[in-house]
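Presented as structure tokens, the chain that follows is alone, the form predicted alone.
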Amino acid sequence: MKKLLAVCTMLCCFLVSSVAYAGDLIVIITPSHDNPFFKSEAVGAEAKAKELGYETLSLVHDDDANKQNELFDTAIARGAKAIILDNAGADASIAPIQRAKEAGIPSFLIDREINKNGIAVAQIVSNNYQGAKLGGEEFVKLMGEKGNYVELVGKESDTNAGIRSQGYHDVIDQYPDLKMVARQSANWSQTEAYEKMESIIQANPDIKGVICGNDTMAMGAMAALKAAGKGDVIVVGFDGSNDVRDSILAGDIKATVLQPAYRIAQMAVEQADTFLKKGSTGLPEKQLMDCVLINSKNAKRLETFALK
């Protein structure tokens, strides 16, 4: 009987230990899942974390820095082992990441960088400048190196918005016959892009092309153009979403630039796991992933922000 009790005690201790490990929590914080790009990040991170034996908590900050602060407080209160973050502002995110670090919780950034090094363990982002140059080159080619065009940029506080715009212009501005007649922020939003394009079309009925900082804005722009009977206007996006893939295959949007959101999110979780087990990822904090041009030639291979 004593032996049986001893065995049961050992078994219970083993089970408690196993449950404690299985209960290690990774918190995933991204912008709204209404955008398929951010949803892909969350899904990818969740899948990899569960595969590695972690529990997950997926939260959304809606690009609101105050809400992001509250979500970090939640992660700290829940005793998270690590945070995977697509942040709500290059400057506004520094304080909560520092706060988590001081609480012993490492942060692993995806998609967007912050304006400080040494407080996040990793910042894994697409090479937005390289990708934007690819998109810009394709746009110039599609435009035949001339004509009036519009640029829709993302959220002004987002580092990626500026980097992509710079990459576009470093290519497009070399062609004097390409004239930008309007440049407006649509805050990464399909609805805002539709509304902004409606106004822009009225003021500039002769536009030949629209280059967008992301795919959701490209979808909004294309919808507004088609509603105005201008479905032949050249539209180029950035992200590599399934929606834009389908639009390309239908002959509407002409191109986008794929950034591998799903894979980047999984890399962040893998590095978090390595860091928690070894105290180091063995990799530099800043890590860039190259982007890929998507057009009618390879769009069929695109699936959930990855090429088959």
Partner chain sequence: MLLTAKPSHPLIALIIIVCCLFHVTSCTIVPDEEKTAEGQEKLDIYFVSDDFKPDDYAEKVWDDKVITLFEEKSHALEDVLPLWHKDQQAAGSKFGYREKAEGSPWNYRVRGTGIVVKVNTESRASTIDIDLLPGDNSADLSIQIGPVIKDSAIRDSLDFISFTDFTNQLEFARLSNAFNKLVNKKVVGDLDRENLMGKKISFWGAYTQLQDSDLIRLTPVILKIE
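Numbering follows the first chain given and starts at 1. Note that the structure is a prediction, hence the values are computed from the model and not measured.
Another form, the form predicted together with the partner chain, is not on view; read the next lines as being about it.
Novice: Can you tell me which of 182 to 190, 98 to 106, 78 to 86, 220 to 228 lies within 4.5 Å of the partner chain in the model of the complex, counting heavy atoms only?
Specialist: In the other structure, the partner sits against 182 to 190.
Novice: Would you check whether the partner chain, in the model of the complex, lies within 4.5 angstroms of a non-hydrogen atom from each of K39, E41 and T56?
Specialist: No, because K39, E41 and T56 lack any heavy atom that approaches the partner chain to within 4.5 Å in the model of the complex.
Novice: Looking at D232, E195, D170, D73 here, can you tell me which has any non-hydrogen atom within 4.5 angstroms of the partner chain in the model of the complex?
Specialist: Contact check passes for D170.
Novice: At 4.5 Å between heavy atoms, is K67 in contact with the partner chain in the model of the complex?
Specialist: The answer is no: K67 has no heavy atom within 4.5 Å of the partner chain.
Novice: Look up in the model of the complex whether E113 has a non-hydrogen atom within 4.5 angstroms of the partner chain, and give yes or no.
Specialist: Flag for E113 set to yes.
Novice: Does the partner chain get within 4.5 angstroms of any non-hydrogen atom of K286 in the model of the complex?
Specialist: Output for K286 is yes: heavy atoms within 4.5 Å of the partner chain.
Novice: Find out whether any non-hydrogen atom of N148 is located within 4.5 angstroms of the partner chain in the model of the complex, and reply yes or no.
Specialist: It does not: once the partner chain is placed as it appears in the model of the complex, N148 has no heavy atom within 4.5 Å of it.
Novice: Who in 152 to 166 is close to the partner chain in the model of the complex, meaning a heavy atom within 4.5 Å?
Specialist: The stretch 152 to 166, when checked against the partner chain in the model of the complex, contributes V153, G154, K155, E156, S157, D158, T159, N160, A161, G162, I163, S165, Q166 at the 4.5 Å heavy-atom cut-off.
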